[in-house]
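A single chain comes next, written as structure tokens; it is the form predicted on its own.
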Amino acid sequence: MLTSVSGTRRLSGLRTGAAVAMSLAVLGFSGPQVNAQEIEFWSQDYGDLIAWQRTMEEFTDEFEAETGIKVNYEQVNWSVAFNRWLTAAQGGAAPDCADMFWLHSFSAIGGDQYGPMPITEYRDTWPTLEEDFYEGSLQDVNWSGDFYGIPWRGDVRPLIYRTDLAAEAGLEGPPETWDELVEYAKALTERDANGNVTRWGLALGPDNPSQSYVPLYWQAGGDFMTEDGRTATIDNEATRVALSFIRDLVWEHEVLSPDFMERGYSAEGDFLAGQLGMIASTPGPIPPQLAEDYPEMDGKWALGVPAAGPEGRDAYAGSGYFGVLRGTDNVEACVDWISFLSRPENMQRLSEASGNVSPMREVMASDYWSDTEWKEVINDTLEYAHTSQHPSPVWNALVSPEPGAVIYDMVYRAVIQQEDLDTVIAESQERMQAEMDRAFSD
């Protein structure tokens, strides 16, 4: 097993290159004699698109100057990213290496032919991986016993609340448990003289209601499927607990709007307008956006680690990683490039340029990620990060934020329509299993 990409294969190549160069010199040739190796690399776009492009071009120039390897960089817009990676996992056009996501699903789709490529034999290139990175982020680069790359960005979702409204209600600090979440939500909910709600105490999340359900299910102790992604596991007590909790928030405690699953519902807008007190799970880009674009909100909001459910704390976390694609002939050059990008100083630059939190502990301990209280809370939340990806080719469809998706329909029927829980859960389990079976039978 190769323990370093700078080992015997590379030394042999360098010696061969030197010999060729000397022979060409004897024959009177001058200038570069051997074609530089080239690799194709794709990345999604982040933050300020021009600044991101400039940062990546700086990296490719520095890497070529250091190694002689030219990186042909292509920027992929997020609007087409999922379809491009789905196509690559099914045998379509793919680069040598890339900034990727949803390893488990795309690996399941591509099998051992297409899509993400294991680089387990190069694992020792990063000898202190477990110490350097948050445990939750490493779940996103290990699958089915193999190692696929280096996590570089995260989207961890803490709780956010209006500190000005909390102070008016006599509350201090964020809620720590589900019981406190209910208590805070009741105190933050306001009604007019006719009993109409003018401010809701709580929203589960700002956009995708299926994603907002996911961390509550984890906090209740649930898992959606078996590790191989073949068996649905939602007909359980954790599902009953999570759905009952949400149903009570809407109909018993009356602190969560019954419109929270409808298209056009804007938790973020209500939060800014003072018509919403808390969001239980808020995407990573929202806090920096508030800090940078809404100076009038300064001192009126704060973050908290997600409230603990009956089985503990879990924070929804998305991530991206640098990995290699099956079919490339440039594995070692790609590993070199990934190793270069994953140096702490370069991970720092990536984090600052993209605006994403880093899964590397050293970066998150930097001044950049510890100069404000909300950044410190994000650091704390990373300790509870739970990967949002699952090893099923149909996971994206299962948690789609649209009617017809299994999780969406289950929550809507159980909470909004208040159907019998046992019936809803049993039928949802059956539907989910059928979707998963169909994926593996194709």
Partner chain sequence: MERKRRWFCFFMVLPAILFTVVLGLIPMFTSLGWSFLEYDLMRVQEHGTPFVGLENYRTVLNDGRFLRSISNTFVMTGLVVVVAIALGLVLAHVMKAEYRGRAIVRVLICAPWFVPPVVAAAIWAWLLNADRSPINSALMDAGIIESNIRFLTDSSTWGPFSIPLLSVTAVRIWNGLPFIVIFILAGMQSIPRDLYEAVDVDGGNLWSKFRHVTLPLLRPILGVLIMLLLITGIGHFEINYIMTGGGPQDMTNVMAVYSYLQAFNFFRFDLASAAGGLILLITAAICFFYIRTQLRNEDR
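Rigid core here is just the name for the largest C-alpha set that superposes within 1.5 Å across the two forms. Numbering follows the first chain given and starts at 1. As the structure is a computational prediction, the values presented were derived from the model and not from experiment.
The discussion below concerns the form predicted together with the partner chain, not included here.
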query: Contact segment among 341-349, 266-274, 122-130, 219-227, judged by heavy atoms lying within 4.5 Å of the partner chain in the model of the complex; finding: 266-274
query: Exercise: Trp369 in contact with the partner chain in the model of the complex, heavy atom 4.5 Å; finding: no
query: Any non-hydrogen atom of Glu262 within 4.5 angstroms of the partner chain in the model of the complex; finding: yes
query: Partner contact for Gly111 in the model of the complex: the partner chain, 4.5 angstroms, heavy atom; finding: yes
query: Proximity of Ile69 to the partner chain in the model of the complex, heavy atoms at 4.5 Å; finding: no
query: Single option in Ser400, Asn379, Gln53, Gln37 placed near the partner chain in the model of the complex, where near means a heavy atom within 4.5 Å; finding: Ser400
query: Neighbours of the partner chain in the model of the complex among 311-344 [non-hydrogen atom within 4.5 angstroms]; finding: none
query: Per-residue C-alpha change between the shown form and the other one, Pro116, threshold 2 Å, rigid core fit; finding: yes
query: Rigid core superposition, Thr198 Cα moves 2 angstroms or more between the shown form and the other one; finding: no
query: Relative Cα spacing, Asp270 and Ser79, in the model of the complex - shift of 3 Å or more; finding: closer
